[in-house]
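Quick setup: the structure tokens below cover two forms of a single protein chain, split into structure 1 and structure 2.
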Structure 1
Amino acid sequence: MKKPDEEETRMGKKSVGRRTFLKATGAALTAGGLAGILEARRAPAFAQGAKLHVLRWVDFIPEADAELKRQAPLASKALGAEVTIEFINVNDLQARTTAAIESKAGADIIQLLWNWPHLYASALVDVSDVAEPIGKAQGGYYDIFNSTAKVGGKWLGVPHGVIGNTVAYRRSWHEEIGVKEFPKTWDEWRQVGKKLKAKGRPIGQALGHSFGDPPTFCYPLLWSFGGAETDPSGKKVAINSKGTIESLKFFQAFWKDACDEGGLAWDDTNNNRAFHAGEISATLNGASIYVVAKRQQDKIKDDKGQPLYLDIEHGAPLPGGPAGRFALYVPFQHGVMKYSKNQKLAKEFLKWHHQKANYEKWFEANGAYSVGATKAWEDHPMWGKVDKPLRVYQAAARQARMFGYAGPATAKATEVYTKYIIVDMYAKAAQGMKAEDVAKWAEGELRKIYG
């Protein structure tokens, strides 16, 4: 039997051992205050009784939060200050951040999703001195962070992780129609979906107004046909293009031929339930469909009475179009707040947490749900141990782009996202509106935002 370290990963790379990994990536992270702390073997001199407040979401993987709770007292000891990590519902994170910035009081470090560093730029401290060394030490950040965490050439957030969305599908149902591997192009997926829908097993895709599945499907579809919100400057609206219209025409056919047409109003949870209930053959989702099916294997079963998770496979990422294969994933970063009186301490904490021995435990606790922010974590031995369907997330973040493309991920791109204009564009096409008219409508809406 092979050792896990030696196992071939699904991506065709050889995993490296934990020691090798730590040795390779740890050497470079010596810049900044952490090396000094380690050398001196004593905590830096922060004010007596200094306290650090970190605000984060309640993770969908409870084990990940448990690991951070375990680390808090260790960080307190290492830094000579009391570190508190507060976990709140993800939907409350922006409200708390807004209130904290406006009142200039609150947590010293706040977790930032998507491109929030752009939204809160004036309230965030330049953390380039923390982010740069970590990136250099760990094989470089994924490109997505250059557009989300970097504002005006400065890092305003220290990248922390990426949560991917890939297509979960029923292996046996696909094998029944002769499909062994997940389709690589949109046209192939349409043909596969057509056969499945004919058997009463359509593809399920949420197109309602919810933050995860609908946008993470629509934006990559747009990009893969060469469509873009704006030109690279981010100032000129470019949505009404040949690529966009082609993608809309494709989608109209795809929706009719291959999809459950009720999905027009689904939110992020409907497709999970429909998949578990055996009503759809494939759907774009995070690891949650698989993870829940495995945890509740006594309840969630397939049509033969077997645990459903055994029949779930993940295809990575969405299929490609004429312009390539892309993904919209959720990037996470930590921002140090300008109003904080403990900015130095906050930076030291982030350096401490990103130290290999600490970050690695959090990364492992996630079990492929949230992957690392830097490419070095693709080589971590954990990938040899996670269930095969989840290994698809190993290098998935390489294809991630952020909304606003081809321009920068500015606050205006966020407005387009929060108003669901790109999602509604495809929803209108699915409802039968002519592709050219839909593109024109989207152009009008985007012009109101981009000016």
Structure 2
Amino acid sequence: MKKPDEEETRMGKKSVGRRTFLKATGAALTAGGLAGILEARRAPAFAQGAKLHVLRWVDFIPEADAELKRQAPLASKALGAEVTIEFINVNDLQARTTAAIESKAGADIIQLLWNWPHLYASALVDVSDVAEPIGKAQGGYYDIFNSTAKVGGKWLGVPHGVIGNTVAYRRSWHEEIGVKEFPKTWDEWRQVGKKLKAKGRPIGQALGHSFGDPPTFCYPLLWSFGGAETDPSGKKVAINSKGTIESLKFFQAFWKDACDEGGLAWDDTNNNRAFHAGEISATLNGASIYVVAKRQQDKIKDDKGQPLYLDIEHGAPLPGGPAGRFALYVPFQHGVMKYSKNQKLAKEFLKWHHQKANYEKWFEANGAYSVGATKAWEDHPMWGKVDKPLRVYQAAARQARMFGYAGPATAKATEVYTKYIIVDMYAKAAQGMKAEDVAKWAEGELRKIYG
């Protein structure tokens, strides 16, 4: 009989006991300057009296922000500096970053989403001396970070985590129409959604200018029909293709037949609220819908008055199309800004946060919403405790692609994302613009960026 900490998980990974996990990953990251600080038990000269400002998003898991707020005074004490962490709306994060760089004033450390290090490369400090030891000590980073945080062979961001996206759906509502297994193809999902929408339970999909759910839906849809932004060189725009046009035609029918058409104006929060309110039957999302519904089970109920989380399945990847089945997840990292007068202190803070005892508490607070940036966290004992619908996220980060596919994830690909060109392409199709004309419009917009 297997011990509890050795049971197979849904993704085929094994969870291990806490002692084994700590032994495997070590208490690493006490090397270098931080080790000296801790050993000396006094702040180094560069830190004494200094203030360190960290800028991050408001997390979809409130407990994750609460944990970082708890850690700030501990870091202040350990480093001998005043550490403050500011949290802002995620959709304001890029504008704030750009303004800080242009004015050469602002936070010392900024959370950078996607492959923003490529976009802001000239304004970021080389943090290879921080990132390399962390990756080496913790089983290596996921490949996605080689595309997002590494520029020209240097780490310009210290990888922090990945948010996986899968379809959250109401189990009972699907069973009522005879669906016991989530559709594996787009055509199958359209037929299922058509039946649900007829019962007043549409699929909800955000298509507004918002950082997560709209792009993580639209890019995989494009790829699954064989569409792509560029050719493999990344130099030739390839968006106006047969695959793209076929995906647009499909989406027009899918949107009309199966979706809540109000989604055109939704951001990343609207679908969470609509799902919790019982207004939609399914939506692409991170684990936050399930995690919040469980943590607020006294408030979030289903139509029978039972805790809603008991009726949520959260383990369905987006369906596949003629070219396959793909995923775009949200990686994020911390960048140290060149204009900062506290670059050395900023690096010491990142080393401190990534120490096992500190990072682990943030990781556990997420409850599978944001997972670790390194593969060692797949073996954390938390996975043996999380509910079955969330175990799909345990190794999900291994599957992610990045913007610009089939070309490299360059700053130009980031600009396409930032201007929401791919999202707007599908929004225009949903609004009734002819698929061929939408593809031509997108081609024109991409040529302005790629040349």
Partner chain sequence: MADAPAREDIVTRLPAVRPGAFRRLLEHEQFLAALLLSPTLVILGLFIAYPFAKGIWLSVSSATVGNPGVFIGAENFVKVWNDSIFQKAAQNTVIYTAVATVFKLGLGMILALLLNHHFRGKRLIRASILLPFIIPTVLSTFAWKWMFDPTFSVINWTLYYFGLIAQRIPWLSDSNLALGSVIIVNVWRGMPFFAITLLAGLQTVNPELHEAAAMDGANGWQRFWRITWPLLLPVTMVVVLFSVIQTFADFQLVYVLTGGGPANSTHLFATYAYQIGVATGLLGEGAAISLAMFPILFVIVILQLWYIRRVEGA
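Here the structure is a predicted model, which is why all the values come from computation and not from measurement. Counting starts at 1 and follows the sequence of structure 1.
As for origin, structure 2 is the form predicted on its own and structure 1 is not. In a two-body description of the motion between the two structures, residues are grouped by which rigid part superposes their C-alpha better; on this basis Leu119 and Tyr169 lie in different groups. Of the two rigid parts, the smaller turns 22 degrees against the larger between the two structures, judged by C-alpha superposition.
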